[in-house]
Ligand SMILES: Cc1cc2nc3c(=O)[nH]c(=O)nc-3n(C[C@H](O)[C@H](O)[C@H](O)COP(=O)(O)OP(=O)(O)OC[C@H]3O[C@@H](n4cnc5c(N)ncnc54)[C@H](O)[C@@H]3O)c2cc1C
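First, one chain by itself: the form predicted alone, in structure tokens.
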């Protein structure tokens, strides 16, 4: 392996863990435009917020909606722009996304969904607004880009490794003999769900690092976790176990969204593949077994402990 300073380092085994880089827009080098990946990014954003009451968040995934919730609790004017019709559509689908949208509107956050950002506006090197796809311009003192991330694989071009959506690995997190990958950059085959996945969750980075290191040392154990992640927004905690395919069926299995707490199950190809809890930490933890055991979707309504109602 050759470094930028031309130094060459030999190795018997290697773990690639270079993570991801945030996606940006043109003109994102303007003062007042922020991304959020590192501690320094967070400190710079926190210092900028009191100086600019008009905040535009570009992107309504988990990061974008969390940023919006945090800045709104500071009593700032916050607008979230998202090309999808509802927030968090990619991780959770339309129904839960609509509920997240209602949560933000109830707290005074303005949502502009179904509209892309065309470009950022600036004057004297500082951002002044964002031009939207519908021809309108949002004034802004601070813009936060939450457009997702791209695996940091450019340095591996020409290495001979398979670089698709990240470094492609087998079920052991092995990309080539003696070479493994872990964390946000690793795309591996999860045997539990019979699919290839790449996750940008903190819990996965920790667990996959341990699995990759163990396999490098000879464990030969497939890495097949039930993914787990959560998001805290205003007074709501959303916890999720499993995977959430865009064409999955969704059922409320406990509680009711009207009451501000519920648990939902996601079914795909006849199996429960994901469970989501909205202010129901104990229920969603116990429901995790439905994913771990690959419970039958058709048998879900026959489970006495779960009261099911189809989400329309």
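Residue numbers count along the first chain shown, from 1. In this text the structure is predicted, and so the values were computed from the model without any measurement.
Note that the form predicted in complex with this ligand isn't included here; everything after this is about it.
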Report summary line: Within 4.5 Å of this ligand in the predicted bound form by heavy atoms, the stretch out of 94-102, 197-205, 121-129, 216-224 is 197-205
Query raised in the report: Taking heavy atoms and a 4.5 Å cut-off, does residue 229 contact this ligand in the predicted bound form?
Result: yes
Requested in this report: Using a 4.5 Å heavy atom cut-off, state whether residue 63 contacts this ligand in the predicted bound form.
Outcome: yes
Query raised in the report: Though only this chain appears here, would residue 82 touch this ligand in the predicted bound form if you measure heavy atom gaps against 4.5 Å?
Result: no
Query raised in the report: Could you tell me if residue 183 has a non-hydrogen atom within 4.5 Å of this ligand in the predicted bound form?
Result: yes
Query raised in the report: If you check 295, 14, 17, 25 against this ligand in the predicted bound form, which one has a heavy atom within 4.5 Å?
Result: 17
Query raised in the report: Just one of 243, 36, 250, 49 has a heavy atom within 4.5 angstroms of this ligand in the predicted bound form, so which one?
Result: 36
